[in-house]
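Read the single chain below, which is given as structure tokens and is the form predicted on its own.
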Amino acid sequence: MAPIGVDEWVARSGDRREQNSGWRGLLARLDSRVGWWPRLVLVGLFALVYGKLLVGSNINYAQTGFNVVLYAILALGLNIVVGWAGLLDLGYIAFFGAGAYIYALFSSHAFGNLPLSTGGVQLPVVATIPIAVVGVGILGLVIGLVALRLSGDYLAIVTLFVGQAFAEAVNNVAPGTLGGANGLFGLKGFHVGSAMIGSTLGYYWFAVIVLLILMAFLHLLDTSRTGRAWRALRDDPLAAEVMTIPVNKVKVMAFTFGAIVAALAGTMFAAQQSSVFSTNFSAQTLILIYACLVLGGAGSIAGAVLGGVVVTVSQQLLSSPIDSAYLFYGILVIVLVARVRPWRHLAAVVAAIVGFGFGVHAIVGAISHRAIAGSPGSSGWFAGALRHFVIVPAGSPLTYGNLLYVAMICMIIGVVQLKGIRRLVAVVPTVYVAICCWEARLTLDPGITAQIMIGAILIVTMAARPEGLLGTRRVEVL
């Protein structure tokens, strides 16, 4: 406790300086010395290097790069509403979908049955994108006006209804025009006259340009009076209103700007995919966008972009058995290195895990060979290295894997409750059960595994840094 008359934050300044003396301090000092615009240049250089060195050799790399930039743009749009204005918008996915469908309607033969068109409306991109952006911006304006008197949970419920209403409208209202569950396909790509973007790599470069321009614009907006008004609204709406900030106006502006960014991303998504389906804009996609923002740090432009990179790359890695193994075991190693101290304890825990695994495998194998006759779910050298370590029964290990999953969750909860040496001892069987569960169950269903792993990454990050990777911690006075 600080002495009377001495501020506690000031009294602990020496401790903070000591904590910042290592590699974290070095990174903090480098971060403080590099300005915002040089960082933007570094983002552009990184995207250029990725596009030149990796994308050109594999179309999958180009698709991954495009998805990363797309989710980064979506996270930036959501950051306006949630991170800056503090408005919980669960209908954000409707703006993304509306932008995609408006582009699809003007880039396909969906209007072919209307009197004004005999072959469908085929407008150039310089006309289609503004139509989509302005149209969805007006939609965001209307929803913002409707939600003026709402906040917190009530606002979340209303905006969630907007997202569900969009899905119902696409599937059941005018299915002949919107395609219903069959969607709209055969869309023309971005084109001006005879010039057209005809490859995923081309859309990647276009998306990178849009991302850099958007980041620059949002930085200027963040440092303007509007940005400061949004943050005041987020921190204390009543105080902001007392300080003569037009609260209702800035709320509507936040919804409108967020909708415009989402619509812009929607047009790029529809053009690159050459099709749109209602399933592209489900609650799962909304969760991924929120994961990008929360992981990177709500309120931070760089954090939203970094969150898009981490979440999208993680999702892509989890679709491959060998890459998902690298991600899983990499996260496991990082967590152990970050949380187990001192180093001799870490070495003891790792040695205990190895010895425990081989010992349990040998004991179970002596009792029943069939209990260890299954193959690990990972492929490549992981399978050979783990064959005599993990316990995977012969046949279908689904039931066994499900039981392991429940046991793993219970053991993790128990480890969190323990302290000191008992926690270190409990970590050993917990890690072993997690590895067995991964090899026996989670590798068999990449879709579910991706959600679980992204959730685990979020939980670990929030436990270590509640403000996100690049977010700024806010001190609330109660």
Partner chain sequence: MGGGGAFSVACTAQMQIFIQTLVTGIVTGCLYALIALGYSMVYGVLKLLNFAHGDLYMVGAFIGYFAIQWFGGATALIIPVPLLIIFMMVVAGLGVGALGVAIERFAYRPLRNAPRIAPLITALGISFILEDSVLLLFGGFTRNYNAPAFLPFRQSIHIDGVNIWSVQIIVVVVSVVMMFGLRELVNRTLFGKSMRAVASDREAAEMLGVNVDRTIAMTFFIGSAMAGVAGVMSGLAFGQISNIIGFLAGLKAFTAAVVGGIGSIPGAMIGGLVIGLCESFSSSYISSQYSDLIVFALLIATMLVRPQGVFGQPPLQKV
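Numbering follows the first chain given and starts at 1. We call the rigid core whatever largest set of C-alpha positions still superposes within 1.5 Å between the two forms. Keep in mind the model is a prediction, meaning the values are calculated, not measured.
FYI, the form predicted together with its partner chain isn't displayed, but the following is about it.
Residue 90 versus its partner chain, in the predicted bound form: is there a non-hydrogen atom within 4.5 Å?
Heavy-atom contact with its partner chain at 4.5 Å: present for residue 90.
4.5 angstroms heavy atom contact with its partner chain in the predicted bound form for residue 102
Output for residue 102 is no: heavy atoms all beyond 4.5 Å of its partner chain.
Is residue 154 a contact residue for its partner chain in the predicted bound form, using a 4.5 Å heavy atom cut-off?
Judged by the heavy-atom cut-off of 4.5 Å, residue 154 is in contact with its partner chain in the predicted bound form.
Tell me, yes or no, whether residue 150 is in contact with its partner chain in the predicted bound form, where a contact means a heavy atom of each within 4.5 Å.
Residue 150 belongs to the contact set for its partner chain.
Counting only non-hydrogen atoms, which stretch in 181-189, 383-391, 280-288, 368-376 is within 4.5 Å of its partner chain in the predicted bound form?
Only one stretch passes the 4.5 Å heavy-atom test: 280-288.
Of 126, 347, 334, 406, which residue is found within 4.5 angstroms of its partner chain in the predicted bound form when only non-hydrogen atoms are counted?
By the 4.5 Å criterion, the partner-contacting residue is 406.
Contact residue in the predicted bound form, from 131, 141, 352, 158 (heavy atom within 4.5 Å of its partner chain)
Here the answer is residue option 158.
Considering only 427-457, what residues come within 4.5 Å of its partner chain in the predicted bound form, judged by heavy atoms?
Residues within 4.5 Å: 441, 442, 445, 448, 451, 452, 454, 455, 456.
Once you overlay the rigid core, does the Cα of residue 48 travel 2 Å or further between this form and the one not shown?
After core superposition, the displacement of the residue 48 C-alpha between this form and the one not shown stays below 2 Å, so no.
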